[in-house]
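First comes one chain, alone, set out as structure tokens in the form predicted on its own.
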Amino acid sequence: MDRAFQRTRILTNHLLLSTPAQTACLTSNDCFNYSPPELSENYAFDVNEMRKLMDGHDVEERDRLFGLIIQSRLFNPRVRGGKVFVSPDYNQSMEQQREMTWKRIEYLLERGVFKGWMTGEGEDVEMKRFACFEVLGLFDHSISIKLGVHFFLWGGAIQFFGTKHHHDKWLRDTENYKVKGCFSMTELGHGSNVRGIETVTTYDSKTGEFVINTPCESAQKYWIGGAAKHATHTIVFSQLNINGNNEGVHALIAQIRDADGNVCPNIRIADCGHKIGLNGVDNGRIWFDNVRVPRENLLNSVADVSPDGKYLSSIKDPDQRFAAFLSPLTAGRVNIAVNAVYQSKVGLSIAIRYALTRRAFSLKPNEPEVLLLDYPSHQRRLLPLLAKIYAMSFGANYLKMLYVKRTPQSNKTIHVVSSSFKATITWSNMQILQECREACGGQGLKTENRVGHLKAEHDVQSTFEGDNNILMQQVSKALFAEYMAAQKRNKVFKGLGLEHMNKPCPVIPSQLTSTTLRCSQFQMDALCLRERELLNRFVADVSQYLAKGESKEQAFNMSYQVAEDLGKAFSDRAIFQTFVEAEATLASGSLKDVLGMVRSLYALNCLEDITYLRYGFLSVDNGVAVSREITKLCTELRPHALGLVSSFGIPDSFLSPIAFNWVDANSWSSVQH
């Protein structure tokens, strides 16, 4: 009621200011003059140190790549409001956007950006590659996807599935773009259900060749990035049929174009057409009509076929074999999750900088209008999202390190965490970009201001490399399996961060004070409580359906709501854990103090989730206390808002005109120019 009264008073004062007598007194001095937020906003902490903590690695390499992009005309520099901005020209046709994407890749190739990406070894090489993808994604999603398909999917499949002769033959040519690769897994009739794909490969022992066929229209390869225009080769996923036995999904290398760009015999390729975003990527459809490839083109680290046609594999369990064939998707999911974090950083940087200079309504007659970010409602819209993306930055850094330090024993953990984080972070990215778009008002609709268009460009992240809803179900099933295994062995929980299940169940106090709500141990306990109770509930629900005679899959399907909530609870707790660990690396001081407030805001934002009330983890009164504390934290973080977005380390050129002098950017002189 108080907020409604305040808004009514503001509107009344605004109308009173519009009386004829006062209007007549207006002079040119009453016009709005842009003032950079840096003139009035002070940094209470070292933004460079915060950036190092956030980026986590390869800061110098990132800045070098930022420089390469800014200095080239290929990246569409334009002057607005006295500043140079770079972003793709989305007014170009689909064909033009694709051509520009390829020219930019050639530019980067000539300058050695991809050196060692396929032939180098070690954690440093992989982390540097991640850093470059993050920078390129800040410029354009199309270029990062186009590169991701070539290096992470095509190249990654050869690295993971292939053996030495594949590595020797293909990796250097991939790094140098002598071959342009794509990844043919998805079909018209099968996306997430990879196991059900319909493309069929048989073996001809007389010629020592595999024969690939598209047996029906639903088996056509679909959404294959690079296939419509540029790719010369592809990894084909198909059902391998040997001597009448279906051995399951396997991967082979097939050439689809010659060196001159002509489509190879017995292959048909069509364009997927215009999309709501990512039009710089040439997605295509592929049909195979008795396409013959040499026996050596089977990627055979998991299974092989002898010259006389015998199927050979050291992995006898078909389920385990199939799981091994999905490993390249893990790298893709890591990349997608990290890329989504950086898109949210762009949106928040633009929206918060705009809110620090844009004014609306006066509280009293003859007073200046109020900055958008000085309204509690605007703080409540943006600052919890800012805290969320800080948390997800630390989560993404943890995920990258988990991936580059991978071992055969850690594959399951990487799959679960990457699936969970990919879903959570990309969903959050869509939420954040939408809120930032609305927070920028009408300016958010302009393509040049980036935020609205970023939504369309990144919408696909929720469904490619695994539909988010299905990924979350996989997470819950993995947690279910861990629970059942611990019970069966009568041993403690170990792995996936579930060790908290071995401790007594946390208890939330009946009355939550501000001190308690800001305590990191309480925050962790509250997140662990939700995960613990939902896992117990999920196991109980599935077990109940099984006892009624339902199949295991049907029991999981019937428990979908709890499964979805459990997946989110796992992700929130795991991400919060990475935040606490990052915070613990800091010495006492202003940087740690501000980060502590950000951590509390993230944790309490998680506690405001509907599941805490739905399942009774929080009382209504405690839910109100959480919401009030969030509002207080937003007020306390308001003076640090500029410092927190400046710590993202994104050059001005990668933001947009409304993040800076939006008055000059929209002046009549800019129209004439």
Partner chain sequence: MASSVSSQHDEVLVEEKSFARILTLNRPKQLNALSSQMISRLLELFLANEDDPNVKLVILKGKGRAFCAGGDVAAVVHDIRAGGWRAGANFFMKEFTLNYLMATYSKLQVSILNGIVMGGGNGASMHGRFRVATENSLFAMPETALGLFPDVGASYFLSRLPGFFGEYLCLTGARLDGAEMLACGLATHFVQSAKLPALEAALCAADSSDTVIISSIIGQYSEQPSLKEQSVYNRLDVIDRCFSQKTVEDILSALENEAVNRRDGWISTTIQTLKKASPTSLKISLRSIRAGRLQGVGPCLIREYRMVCHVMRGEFSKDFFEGCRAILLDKDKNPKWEPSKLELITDTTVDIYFSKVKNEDWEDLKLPARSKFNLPPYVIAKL
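As the structure is a prediction and not an experimental result, all values here were calculated from the model. Residue numbers count along the first chain shown, from 1.
Beyond what is shown, the protein has a form predicted together with its partner chain; the following relates to that form.
Undergrad: Non-hydrogen atoms within 4.5 angstroms of its partner chain in the predicted bound form: do Lys494, Asn536 and Glu553 all have one?
TA: No residue of the spot touches its partner chain in the predicted bound form.
Undergrad: Heavy atoms within 4.5 Å of its partner chain in the predicted bound form: which of the stretches 254 to 262, 433 to 441, 524 to 532, 77 to 85 has them?
TA: Every other range fails; the passing one is 77 to 85.
Undergrad: Note which of Asn176, Asn411, Thr163, Gln71 lies within 4.5 Å of its partner chain in the predicted bound form, where distance is taken over heavy atoms; exactly one does.
TA: So the residue touching its partner chain in the predicted bound form, by this definition, is Gln71.
Undergrad: I'd like to check something about Pro639: if you look in the predicted bound form, is any of its heavy atoms closer than or equal to 4.5 Å to a heavy atom of its partner chain?
TA: Result no; Pro639 lies far from its partner chain in the predicted bound form.
Undergrad: Can any non-hydrogen atom of Gly616 be found within 4.5 angstroms of its partner chain in the predicted bound form?
TA: So Gly616 does not count as contacting its partner chain.
Undergrad: Is Glu608 close enough to its partner chain in the predicted bound form to count, meaning some heavy atom within 4.5 Å?
TA: Contact check for Glu608: no, nothing within 4.5 Å of its partner chain in the predicted bound form.
Undergrad: Tell me, yes or no, whether Asp63 is in contact with its partner chain in the predicted bound form, where a contact means a heavy atom of each within 4.5 Å.
TA: Contact with its partner chain, yes.
Undergrad: Output the sequence-ordered list of residues from 98 to 136 with at least one heavy atom within 4.5 Å of its partner chain in the predicted bound form.
TA: Counting only heavy atoms within 4.5 Å of its partner chain in the predicted bound form, the contacting residues of 98 to 136 are Tyr107, Glu110, Arg111, Lys128.
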